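Take a look at this single chain, the form predicted alone, given in structure tokens.
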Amino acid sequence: MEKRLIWDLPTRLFHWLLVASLTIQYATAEWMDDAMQWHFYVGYFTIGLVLFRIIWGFIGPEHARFRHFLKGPGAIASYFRTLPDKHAAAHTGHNPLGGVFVVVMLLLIAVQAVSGLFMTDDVFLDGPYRHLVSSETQDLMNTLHHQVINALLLVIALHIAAIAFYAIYKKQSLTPPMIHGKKATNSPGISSSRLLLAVIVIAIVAAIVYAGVEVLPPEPVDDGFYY
């Protein structure tokens, strides 16, 4: 088998930037004092990452597209039955089970990040949309933000366990291809990472996120009372 480019550069950058952003988010919330401003900033960046990946899942290179790895229940069940087989053929991109994890993780991160737009640190900082919703909605978003993280951590743990399983049991290293982009395969690779298209998408996403957190939310009404 020949090593061919499978993972485009934008997809690889998204993956590692997401790892970094989630790590920083957890650290600023759980381990660091007086870092909530950075928690908010990185949260906005995370929203941009998720939005980029969703768009890229429709217009990016072949193996980054949702249509390439999102399969029906039959294909997922069929792949699940091959897991004990050490010699089962490796998938070129995401396998059907891994594709499900991609979507679940994106959904959980999106809920976690968007709910943060309605949060407060109870001292100086409020999310840009907190003052626009009722107390009931604020409570709901607060619950989501503090509970979804547990589901997200579980999915991340399963993802790491799957990487270890494939590396140790199936002798398939999944991490190196996500660094250099190439895998040994008989399937066709991609001819380009479509970097110009990625730059355009990044610019559009950056404008959307900036407008969403800085331009569109009106300023809180000053009621004249100070405590």
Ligand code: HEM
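Treat the numbers as computed from the prediction; the structure is a model and nothing was measured. Residue numbers run from 1 along the displayed sequence.
Note that the form predicted together with protoporphyrin IX containing FE (HEM) isn't included here; everything after this is about it.
Only one of Ile55, Leu70, Ile190, Ala29 comes within 4.5 Å of protoporphyrin IX containing FE (HEM) in the predicted bound form through a heavy atom, and that residue is Ala29. Contact annotation for Ile149: at least one heavy atom lies within 4.5 Å of protoporphyrin IX containing FE (HEM) in the predicted bound form. Not displayed here, protoporphyrin IX containing FE (HEM) is kept clear of Val209 by more than 4.5 Å at the level of heavy atoms in the predicted bound form. Contact between Ile200 and protoporphyrin IX containing FE (HEM) in the predicted bound form is not found at the 4.5 Å heavy atom cutoff.
In the predicted bound form, protoporphyrin IX containing FE (HEM) lies within 4.5 Å of some heavy atom of Ile160. Along 14 to 28, residues Phe14, His15, Trp16, Leu18, Val19, Leu22, Gln25, Tyr26 each place a heavy atom within 4.5 Å of protoporphyrin IX containing FE (HEM) in the predicted bound form.
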